[in-house]
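Next up is one chain by itself, shown in structure tokens, the form predicted on its own.
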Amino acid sequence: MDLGLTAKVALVTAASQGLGRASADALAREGMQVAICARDEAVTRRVAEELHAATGARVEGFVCDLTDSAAISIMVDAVLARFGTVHVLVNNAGGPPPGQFADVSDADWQRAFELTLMSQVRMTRAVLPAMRAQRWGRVINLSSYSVKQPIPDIVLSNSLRLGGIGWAKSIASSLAADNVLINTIATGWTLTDRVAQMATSRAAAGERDSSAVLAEIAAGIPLKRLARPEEIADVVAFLASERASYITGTVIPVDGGIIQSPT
């Protein structure tokens, strides 16, 4: 299937590892030019070189702290200067740290707000003029199945990711007039460093091994395993494509069947 992405430009945030890196890899393999960003300059440069070597696509790395409004503006301006435009934005960010309500401070809430919600808002606002000018754009938000079904011990993520869904749905209609589509992927348990961190936290609280925690999580998933990052990335590539031209304002679970609600 031709996804119609050859030579288009993608910007993928927090792409040095996990779902961000997998998404950048999938889009590069579809022939896109890809800009990636992360906080560590050396790591970002290395990942860009590795993705280029693996795919043959143009991949360039940019430094950005997604909690910093000024840094986002500077980074997007640099991407636009180097690539000329952005067709596809993949909003990804490492989730806020795990913790129960009694364990998190006002400072924790504020940082999680900046990282989980405002990074999406600011990144999208920065690329929209280019997307609207070319009357073609895709904004794909990587979120969590917690927007449908709260996950124990991650009150910050459970709360703020719902804000992201409300924001995306609120702007979908106005963006559609310019053929800019915005969708959210509600990811399930996936084999990433973030999930390993959560497993370690749960293991410490229960005085057991993190591998036992991961096995317990897998047992609760109908498919009986955690997702591979590339399985999420394949859905990112589809939503970025011409084949997804009539999908906007949606939340698409890629969760192995773990969400139990009917809607």
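Remember, it's a predicted structure, so these values are computed and weren't measured experimentally. A residue's number is simply how far along the shown sequence it sits, counting from 1.
Absent from the display: the form predicted together with a small molecule. The rest refers to it.
**Q** Please determine whether Arg138 contacts the small molecule in the model of the complex, using a 4.5 Å cut-off between heavy atoms.
**A** Looking in the model of the complex, residue contacts with the small molecule do not include Arg138, since no heavy atom lies within 4.5 Å.
**Q** Taking the small molecule as it sits in the model of the complex, is Ser16 near enough to touch it, meaning that at least one heavy atom pair lies within 4.5 angstroms?
**A** Answer yes; at least one heavy atom of Ser16 falls within 4.5 Å of the small molecule in the model of the complex.
**Q** Applying a 4.5 Å heavy atom distance criterion, does Asp106 contact the small molecule in the model of the complex?
**A** Taking the distances in the model of the complex, the answer for Asp106 is no, it never comes within 4.5 Å of the small molecule.
**Q** May I ask you to state whether Glu230 is within 4.5 Å of the small molecule in the model of the complex, using heavy atom distances?
**A** No, Glu230 stays farther than 4.5 Å from the small molecule in the model of the complex.
**Q** Which of these stretches, 165-173, 189-197, 127-135, 78-86, has heavy atoms within 4.5 Å of the small molecule in the model of the complex?
**A** Stretch with heavy atoms near the partner: 189-197.
**Q** Which listed residue (Arg45, Arg208, Arg225, Arg39) meets the criterion of a heavy atom within 4.5 Å of the small molecule in the model of the complex?
**A** After the contact test, the surviving option is Arg39.
**Q** Heavy atom within 4.5 Å of the small molecule in the model of the complex: which of Glu216, Glu49, Asp234, Asp65?
**A** Looking at the other structure, the residue within range turns out to be Asp65.
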